[in-house]
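Before any questions on how it binds or moves, here is one chain, the form predicted on its own, in structure tokens.
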């Protein structure tokens, strides 16, 4: 029977594909990772990794060990979940990956409430302008703007939200009123960098029939700040508007897009009580928070 700590080192290296990356996940230095891997390989009598141009790649022996190591990880996590006392609230660490609009304008207050109600719970928000890789365990749960089409992933639609055209009072001051879509001609537009749109659901501009953005970012939060600074007019989350009182809606009855959030988790984690509880409460809180914020915008 292999030492679980050594298997953790193996899994982290297989997912990060570098010693330094594994070390960051495990909070130890690369030399310690290398030493522990060497010890595991010596014990098994097998070479588990080879150094490649892309980093550390699994050998055939490493590929064979991977399912067993993942099963051991699931067993260890289930054991931790099992000893928690439900009457004392949720306890343990959960990392949530999310697109940065959700991560900036919804998750902070939701996670704050969950942690306040469950002092033993540790929540981390991974805000990235790309799809979170659950197979490499970048996060325990992921929020996505589209349902994943491949991999061993479970997903559920948890909430709908809206995008609206907005601009700052300062930008609109002194300009002709915008009464129709045609009046947008000649205005500066704020949006995503076209070649960095990682999901078709984020291609707002083309769906709304707008031109390419004059001022762009791969971050929804940066786009909101562009709008706040009077850089132009852009599509933004309606739930973000209460946090930006400088902004007001433009053509609210003519240009409104609807999108959905999906909660995604790895299929191997479906028996983990902690993740199931956090996922359930997260879904409920997101629906409530979006409804409340959109009503105020």
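Predicted model, so just to flag it, every value in this text is computed and none were measured. Positions refer to the first chain, counted from 1. Note that the rigid core is defined as the largest set of C-alphas that superpose within 1.5 Å between two forms.
Omitted from view is the form predicted in complex with the DNA, to which the following refers.
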| query | finding |
| --- | --- |
| Interface stretch in the predicted bound form with the DNA - options 25 to 33, 66 to 74, 236 to 244, 251 to 259, non-hydrogen atom within 4.5 Å | 25 to 33 |
| 4.5 angstroms heavy atom contact with the DNA in the predicted bound form for residue 271 | no |
| The DNA contact in the predicted bound form: residue 19, any heavy atom under 4.5 Å | yes |
| 4.5 angstroms heavy atom contact with the DNA in the predicted bound form for residue 53 | yes |
| Residue 55 C-alpha relocation of at least 2 Å between the shown form and the other one, rigid core basis | yes |
